[in-house]
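Given next, in structure tokens, is a single chain: the form predicted on its own.
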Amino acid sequence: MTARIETSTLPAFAVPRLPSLSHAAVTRLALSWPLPLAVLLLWHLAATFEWLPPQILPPPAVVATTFVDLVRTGELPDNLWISLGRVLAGFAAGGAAGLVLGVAMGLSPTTRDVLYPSFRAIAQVPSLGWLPLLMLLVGLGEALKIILIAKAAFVPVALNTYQGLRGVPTRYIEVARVYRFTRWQLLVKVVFPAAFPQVWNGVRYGLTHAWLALVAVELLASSEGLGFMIVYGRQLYQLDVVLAAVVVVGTVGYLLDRLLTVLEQRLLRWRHDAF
């Protein structure tokens, strides 16, 4: 006797749903492609009709072949990891110092009065403006690169943290006082969450500035890294190497910013749930 199985009694298996893109996200994605494709097409036409000599503007296909060769030989990944290590070390040091200073100035009027004028004066000096002095103090080693990258990240993180804490609406503070929050509760439940979006913007700007400073430092004084690849390719008149490195610099910088954007959306999800 064959047992019959009622299909209605079978357990229902949940089919995983793929993440769906909103209409606005699809529109943004569609609008982001025409300009890069137009630049690539213009580059291809300029190389095909030799508007510039191939030694100055190599075709996109040659740059792509060079990129593959650099990846296969390990030269590009090795220099990329060195650059990423430098920028992460400098960003961690400068970002942490910026957060501490920004919080101190944002919470303490006395600290703000003492440090803010000097901080603004230091912030007006570009990172590379400190290069001659730092070269005399620490030489041309890794310390020079880390310090300059840290300084580039330090200013936007400190400034945005300070302004974020100072910009917390006073009505939030008044409501917290009505509920008799302690100072610790006021900071943890009101001030820091309200200031977090601008603080995070400072972190994003800090990482962007650190990445830009890294390339500039490696262009000036380095024997390895993506910036060194650009200088080395220019010295040997290998513009395909230069352009391949430039594309990697731009792509990695964009991906780092996108990573922080995704983290921001996840960390701020509570705000969307609340409203």
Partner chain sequence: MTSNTDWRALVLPLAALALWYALTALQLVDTKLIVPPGAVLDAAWQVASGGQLLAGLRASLVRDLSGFAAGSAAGILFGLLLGVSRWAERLVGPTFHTLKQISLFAWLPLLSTWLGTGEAAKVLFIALSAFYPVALNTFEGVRGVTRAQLEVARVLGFNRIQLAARLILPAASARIATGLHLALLYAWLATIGAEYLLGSSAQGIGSVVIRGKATFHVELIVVGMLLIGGVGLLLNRLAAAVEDRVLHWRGPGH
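It should be emphasised that the depicted structure is a prediction, and the values quoted were computed from it without experimental measurement. Numbering follows the first chain given and starts at 1.
Missing here is the form predicted together with its partner chain; even so, the following discussion is about that form.
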Work out which of the listed stretches, 160-168, 113-121, 91-99, 192-200, brings a heavy atom within 4.5 angstroms of its partner chain in the predicted bound form. 113-121
Would you classify S223 as touching its partner chain in the predicted bound form, given a 4.5 Å non-hydrogen atom cut-off? no
Indicate whether its partner chain has at least one heavy atom within 4.5 Å of a heavy atom of P126 in the predicted bound form. yes
In the predicted bound form, is there a heavy atom of its partner chain that lies within 4.5 Å of any heavy atom of L219, even though the partner is absent here? yes
Residue-level question: is L186 within 4.5 Å of its partner chain in the predicted bound form, judged on heavy atoms? no
Only one of A176, M135, L107, I82 comes within 4.5 Å of its partner chain in the predicted bound form by heavy atoms, so just point that one out. M135
Its partner chain in the predicted bound form - contacting residues of 213-238, heavy atom within 4.5 Å: V215, A216, L219, L220, I230, R234, Y237
